[in-house]
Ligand code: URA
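Only one chain is included here, represented as structure tokens and corresponding to the form predicted alone.
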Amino acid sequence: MYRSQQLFYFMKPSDKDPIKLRLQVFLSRNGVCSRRQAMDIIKEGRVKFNGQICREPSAPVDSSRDHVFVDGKRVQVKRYDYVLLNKPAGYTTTKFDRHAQKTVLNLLPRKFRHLSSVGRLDRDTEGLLLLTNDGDAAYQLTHPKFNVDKTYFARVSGNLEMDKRKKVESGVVLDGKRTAPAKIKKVKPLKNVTELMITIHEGRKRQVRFMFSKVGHRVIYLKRLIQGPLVLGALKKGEWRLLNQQEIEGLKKM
């Protein structure tokens, strides 16, 4: 292997460079094997990178120009779709539910109905919902260990007193386990209700609703506005759009 090629494997791409995946991740994302298996395959010398055997799992791969072969067969880049939907109330996010009258897939063109939702919103909750076939992105957006923030606009019954706000922020016990700390801001008391923004990074079922219920407040309206690097913005209720390249790169950088 030439010295220039050796250096290429360990150079850190600048912010202006195209997004690159580690070789180990590249193999996993494109359906060759799991990440753990990819490590073994690479170490065994079964992977060729631009004509040279590569035993470095962290070698950066630019899928638009690099060529990767495993056991003599070229790895084809799998196409990923990313759809951002402003989910209306009344739609379920479950892909197959015989009891659901309307699912979020009904809001998408047929060519996108193979996608899966990333982090469910319950039927009565509105807002940002990502649908994709990119399993890595879905995993990183939803697994608690990555601490990905999700911000919601909520309208709760009654006047949210400071002591109850602090209880929600410090964590309440749900099903025998305390929730992780939350952040509440932009609290606006109105007649018989309180509007606020709440940020959490867990994803338990109906978590925000149960958190407020624990301190005696019913969630009347709930809408997700932000999930990780994604922002709902001005997308109208029931409408969808494809992620732009900057947003996709933001997901990959996670």
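The first residue of the shown sequence is 1; numbering continues from there. Note that the structure is a prediction, hence the values are computed from the model and not measured.
Missing here is the form predicted in complex with the named molecule; even so, the following discussion is about that form.
Undergrad: Look at the candidate spot formed by Y82, H114 and L130 and say whether the named molecule comes within 4.5 Å of a heavy atom in all three of them in the predicted complex.
TA: Verified in the predicted complex; spot residues all out of contact, no.
Undergrad: Could you tell me which stretch in 201 to 209, 29 to 37, 59 to 67, 186 to 194 has residues with non-hydrogen atoms within 4.5 Å of the named molecule in the predicted complex?
TA: The contacting stretch here is 201 to 209.
Undergrad: Given that the partner is absent here, does V47 sit within 4.5 Å of the named molecule in the predicted complex, heavy atoms only?
TA: No, no contact at 4.5 Å.
Undergrad: Considering only heavy atoms, tell me if L121 and the named molecule come within 4.5 Å of each other in the predicted complex.
TA: Yes, L121 is a contact residue.
Undergrad: Test of understanding: in the predicted complex, would I42 fall inside 4.5 Å of the named molecule by heavy atoms?
TA: Answer no; every heavy atom of I42 is more than 4.5 Å from the named molecule in the predicted complex.
Undergrad: Although the named molecule is absent from this view, report whether Y91 comes within 4.5 Å of it in the predicted complex, heavy atoms only.
TA: It does not: once the named molecule is placed as it appears in the predicted complex, Y91 has no heavy atom within 4.5 Å of it.
Undergrad: For a quick check, can you give me the residues of 143 to 181 that have a heavy atom within 4.5 Å of the named molecule in the predicted complex?
TA: Only a single residue, Y152, comes within 4.5 Å of the partner.
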